[in-house]
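Take a look at this single chain in structure tokens; it is the form predicted alone.
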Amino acid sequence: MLTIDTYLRPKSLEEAYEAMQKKNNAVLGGMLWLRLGNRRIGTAIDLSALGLDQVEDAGNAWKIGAYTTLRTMEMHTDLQEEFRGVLRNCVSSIVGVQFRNLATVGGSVFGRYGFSDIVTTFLALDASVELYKHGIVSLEEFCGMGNVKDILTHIHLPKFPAAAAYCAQRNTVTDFPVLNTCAVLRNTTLTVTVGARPLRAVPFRFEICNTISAAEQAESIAKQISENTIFASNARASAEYRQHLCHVLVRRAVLEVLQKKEAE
């Protein structure tokens, strides 16, 4: 059972940062995972008064506030147009609309959950995270960091992917993914991420050759990634099944982006 001793709604990030330095204090996100835990929180820190629920056009990137809900991101017309609908696709199977109206982008990213559809997609989009004290670091670097006593304020998504595709396998429609993958093509650089291994998502990068067919390149990339990714078993699937799925899903995602590029 989750127990909270004190509730704080700070008026500044500095006040929030100072409060969370105490061992048993925690920042609240959408509270959808935190409430399921069995822990005692000294002070629950609510950042809802700090204006972190906005999606902003920052020129060469989109800046998504940490308190932006998954539903807001899903329905944001400019984001869907910019990223070819991949942000909608990656969240559309996360439980349901009511859940996505509460779950926050920052909570999903800061937790760096292995099953996260959002982390897998953001990694492929070369996202960066903005931390109050640490500043802006790449999401890839952030995923490799240990426990971070800082506040995630924004996620930065660079503009202009040439094409993007997201694929996942679920045992039931709204369950956690058994495996997920995202492919993004910028110019001739293809980034492919594989998540829900069930470990954290990992990125791979390739240079695309215009003299080789899309089908051949998709098959080659899928083979390389499936053979060089570490998988594990859990209640949803075995490591061997995940490896097989990886080959299939990566091939589909890569083929989709290469065909989109050819069409453009």
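The numbering used is simple: start at 1 and walk along the sequence shown. This is a predicted model, so every value here is computed, not measured.
The following text describes the form predicted in complex with a small molecule, which does not appear among the structures shown.
Considering the small molecule in the predicted complex, the lone stretch of 156 to 164, 81 to 89, 99 to 107, 185 to 193 in range is 99 to 107 [heavy atom distance within 4.5 Å]. At least one heavy atom of L47 is located within 4.5 Å of the small molecule in the predicted complex. In the predicted complex, none of the heavy atoms of A201 sits within 4.5 Å of a heavy atom of the small molecule. Of the heavy atoms in I208, none are within 4.5 Å of the small molecule in the predicted complex. The small molecule is not drawn, but in the predicted complex it has no heavy atom within 4.5 Å of D126.
Site residues V55, A61 and I64 are none of them in contact with the small molecule in the predicted complex, judged by any heavy atom within 4.5 Å. This chain lacks the partner; the member of A168, M73, C143, I94 within 4.5 angstroms of the small molecule in the predicted complex by a non-hydrogen atom is I94.
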